[in-house]
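The data below hold one chain only, encoded as structure tokens and taken in the form predicted on its own.
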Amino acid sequence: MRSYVADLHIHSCLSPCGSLRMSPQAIVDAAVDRGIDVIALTDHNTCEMGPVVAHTAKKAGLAFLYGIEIQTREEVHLLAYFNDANACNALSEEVYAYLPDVRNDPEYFGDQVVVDEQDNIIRTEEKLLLNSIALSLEDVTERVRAHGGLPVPAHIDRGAFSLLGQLGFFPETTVYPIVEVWGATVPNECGQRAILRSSDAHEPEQIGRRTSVLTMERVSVEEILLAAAGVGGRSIRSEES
């Protein structure tokens, strides 16, 4: 059993809201500088940058989870975590197909660029990623789990783009053992759910401003679920720098 300092909500330069400085190396360097053991890349409605950030992270000795932040039809942001690139990519392709065919306006929303490990721009994503897809929260959650992923409602205590902000309640038909909370106060609606805190970083300086300590045998979505349930001494506790 080991305790891992984790920041599991980080955006790269592919997210329109992410700084162009959020290259793979910049993300990894910031995580290493802040003593983080595990990171997850969670760009909006895509995981295309996942493999290059994963490779960069592993070279630096960081564990990595593939992720994506999906904006559902209800404008709820749902984080999805995966152990491997193939599963995340499969979901990402489904999500992309349900994105509205709206062109990005870089001057308004920000650039959406795919880069390599040397910060060279490979291509520019033309479709606006920061948009709601034509799938419900329940449908997206089922698809995440069907691909072997872990769905976690993002920053549920924010007024916008959150489960409580948009719906005002947790759906009775869908169980979420883990939720991400942004502020210091945990909403009463969370009940006994495990609380995850992460930076939601859009700039390198923001990485690690909020972290969680995951005590578990290894880094995997299965172990995180066991930690949420407190099985065998596993646990999740949050920190704020």
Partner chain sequence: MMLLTDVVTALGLQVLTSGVGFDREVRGGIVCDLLSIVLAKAQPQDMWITIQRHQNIVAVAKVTSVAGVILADGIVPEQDVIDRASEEGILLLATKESSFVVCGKLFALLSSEEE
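All of these numbers come straight from a predicted model, not from anything done at the bench. Residue numbers count along the first chain shown, from 1.
Same protein, other form: the form predicted in complex with its partner chain, not shown, and the subject of what follows.
- The shortest heavy atom separation between A90 and its partner chain in the predicted complex exceeds 4.5 Å.
- Its partner chain in the predicted complex is approached by T173, whose closest heavy atom lies within 4.5 angstroms of it.
- Remark: R143 does not count among the residues lining its partner chain in the predicted complex, judged by a heavy atom distance of 4.5 Å or less.
- At least one heavy atom of Q166 is located within 4.5 Å of its partner chain in the predicted complex.
- This chain is drawn without its partner chain; in the predicted complex, the residue among D84, D105, E138, E117 with a heavy atom within 4.5 Å of it is E138.
- For the candidate set E74, E94, D111, D157, a heavy atom within 4.5 Å of its partner chain in the predicted complex is found for exactly one residue, namely E74.
- From the list 143-151, 118-126, 157-165, 94-102, the contact stretch for its partner chain in the predicted complex under a 4.5 Å heavy atom rule is 157-165.
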